[in-house]
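Here's a solo chain for you in structure tokens, the form predicted on its own.
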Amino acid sequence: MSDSHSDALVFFGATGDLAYKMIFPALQALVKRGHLDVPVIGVAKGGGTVSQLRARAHDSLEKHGGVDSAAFEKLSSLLRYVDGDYNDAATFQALHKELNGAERPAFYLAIPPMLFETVVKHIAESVKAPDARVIIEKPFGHDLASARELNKTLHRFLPESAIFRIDHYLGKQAVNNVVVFRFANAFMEPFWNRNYIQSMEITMAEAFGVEGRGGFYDQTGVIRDVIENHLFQILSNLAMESPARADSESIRDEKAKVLKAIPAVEKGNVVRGQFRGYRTEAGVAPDSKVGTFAALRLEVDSWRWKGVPFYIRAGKNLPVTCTEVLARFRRPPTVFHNAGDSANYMRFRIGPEMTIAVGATVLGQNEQEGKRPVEIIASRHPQPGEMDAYERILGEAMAGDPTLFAREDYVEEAWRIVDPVLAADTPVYEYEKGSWGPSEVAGKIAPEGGWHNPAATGQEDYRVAA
């Protein structure tokens, strides 16, 4: 273990839903790989004990991934518990005692953002660990003004270098594979620019609704929930320049530059939708105008991408669950090209599996068939046993590597881009469950040739294995 590695992990919200579904499985996985061997201290207000915390961890693992006997035994030996109110200094004095002199603890705030200031203030005043790191969950504000206020609040107690803002999408191997595929393969560079790319589409489809989270979702909506964070991260990976060095700040510099080159979205470049029946969900206002679907058109005004439209859409209750990128190439100036052909593209599937494919046109099997589209699979990885996103990002935070975490300037630029449409009273069009969103999208926000609708895994057409 390096000298910069955290020597303790504290997670606030130890009895909460996020801990139950995500954190305990990630902790067991870290232990199993030999990446976690420091005290793990849960903090919550519930009148519980460390024995009850261990029992909850065991129950969590039984329901989310399974219990590994040896790894769980080790995790149990590392678990500690502090019970108390986050507004009470005594809670943090007890935590200080439990840390037992740890110099580089990592504090994971799996709690509502409204509690961030209170907890961080107590950490700074009572725990007194100058090399501490604080890991916080999105949302990082709900608009540009609140994001700036949150950053200002955090910086009263912590330097930027000690703040790790989690977007779990950056923990996904497939998201980061886009960057490696672009910059580790020389053949990508000549055509990955405005001279050859006609348009870029990013689709995040979910075949399910709000799943009992109507109260939360009705305060959030699809743009805040997944577009401003998850899908902007994918966009940044697609559009960034190669960093000068492989260190975290060089990489994050290039991602921030992408967002700085994107003008704020105008009202005419967004279509919002709401699936039929949303307003009857528990916790949802009967007259809600919150969007469960949105399609945006963006421009990246950089040397590489000027004039290439980027289309982003995301929504609930769509036909499939997957995240996919489609980069359409410009039509070749040749007599062999048919008007309306759309087979010339590169496709990245981010989830549920990882696929890189190229669409092309070839001669058919007989004269009657003529030309036909095929898809050449360059790489397909279901990734059994792959490191989970939360395991990866927790491990990286404890190691002190900020590469996979959103920096202050990146967060504020992301909010700047969507701020105008969050404030604008744009129409919300109703759409049927199982459709690709409201019909208005096709006429208002659509690439030339129409949207590419991702197929369910195993149902893609024109597949030719390479």
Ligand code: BG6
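From 1 onward, residues are counted along the sequence shown. These numbers come from a predicted model, not from an experiment.
Unshown form predicted in complex with this ligand; subsequent notes refer to it.
When you look in the predicted bound form, the only residue of Phe107, Tyr345, Phe140, Tyr169 with a non-hydrogen atom within 4.5 Å of this ligand is Tyr169. Out of the listed residues Arg165, Arg252, His230, Arg313, His230 is the one that sits within 4.5 Å of this ligand in the predicted bound form by at least one heavy atom. Using a 4.5 Å cut-off to this ligand in the predicted bound form, not one of Phe116, Ala132 and Ile136 places a heavy atom inside that distance. Across the options 174 to 182, 187 to 195, 294 to 302, 205 to 213, residues that bring heavy atoms within 4.5 Å of this ligand in the predicted bound form belong to 205 to 213. In the predicted bound form, this ligand sits within 4.5 Å of a heavy atom belonging to Asp225.
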